[in-house]
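Here you get one chain, nothing else, as structure tokens; it is the form predicted on its own.
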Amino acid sequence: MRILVTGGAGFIGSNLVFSLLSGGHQVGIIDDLSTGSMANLHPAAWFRGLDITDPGLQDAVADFRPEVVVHLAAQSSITVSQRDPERDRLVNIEGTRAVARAAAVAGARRVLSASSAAVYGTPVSLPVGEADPKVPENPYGHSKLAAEQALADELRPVGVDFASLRFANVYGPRQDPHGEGGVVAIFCGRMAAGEAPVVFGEGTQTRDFIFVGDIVLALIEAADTDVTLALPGDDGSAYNISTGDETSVEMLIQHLRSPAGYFGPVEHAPAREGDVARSVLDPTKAQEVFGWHSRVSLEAGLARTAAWFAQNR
């Protein structure tokens, strides 16, 4: 297949690109390198350095002629979203609209767009299913939910298949240890440097941690499936991509100690206002519709991640 990846120089995108190329696919990348890295670019991939809101996007997508577009480019910092919600609207909503429109004009048969567990806000019950209430608690979550609608508005009328994949808490090699959203990367970075990991609150808050390799597999299987992903209904095109396992931050540190080789103290800071206490997503729909399920255990994923950070510190 000819697959175009927006954000292909980023954490998830670069892992996806390397896997696609090793599988014999032709891969294109569009990335403005604002958060992605030149070091993450595979030399065998077609590349265009471009912001997805740039007027030249449609021509760039047409030049590559993708069969499938995987849209990962986004403004993903919650801090930035709170400081500049207009930036979230422009990149996450209007950028998604522009990518969808360009994909349709270029003749793509399917568009897969990265969404987030942030669209749910504080869960009413666990695990969270796709049709459960969606009450985002920050501009980032609102923008990702609106981006799902923008994708549907652009592609359903013209008959291009699409899906919004709501990722749980993704971790793995190449994640930025200096960012705000990747707690595994932050812990691994500090542990690799012999520094104490910092836990906000008591560490009892839970998340659904999923290894980036499982995210990559979900994207590849969704791209390759013969079934229609854009099912009827408000959440018909939404899919939770998660393990379905709930892990506390305190347990995460215990699992990381041995592979990271860190047995020192843990520092605690005050709990962050608005931090969701518990979160775990139900991935059953992805299994039933296109056959995907997570394969990498938390222990195995953390070991691979800690090893990468130890080698690349």
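Since we're looking at a predicted model, the values are computed, not measured. A residue's number is simply how far along the shown sequence it sits, counting from 1.
One more form of this protein exists, namely the form predicted together with a small molecule; it is left out here, but the text below deals with it.
Residue Asp32 is the only one of Asp59, Asp32, Asp282, Glu250 with a heavy atom lying within 4.5 Å of the small molecule in the predicted complex.
Think of it this way: in the predicted complex, the small molecule has a heavy atom of just one of Leu145, Val91, Ala238, Ala100 within 4.5 Å, and the residue is Val91. Although the partner is absent here, Leu16 sits far enough away that none of its heavy atoms falls within 4.5 Å of the small molecule in the predicted complex. Of the heavy atoms in Ile12, some are within 4.5 Å of the small molecule in the predicted complex. In the predicted complex, the small molecule sits beyond 4.5 Å of every heavy atom of Phe211. Using a 4.5 Å cutoff between non-hydrogen atoms, Ala74 counts as a contact of the small molecule in the predicted complex. Of the candidate stretches 136-144, 100-108, 121-129, 221-229, only 136-144 has residues whose heavy atoms lie within 4.5 Å of the small molecule in the predicted complex. By the 4.5 Å heavy atom rule, the three marked residues Gln149, Glu154 and Ala286 all fail to count as contacting the small molecule in the predicted complex.
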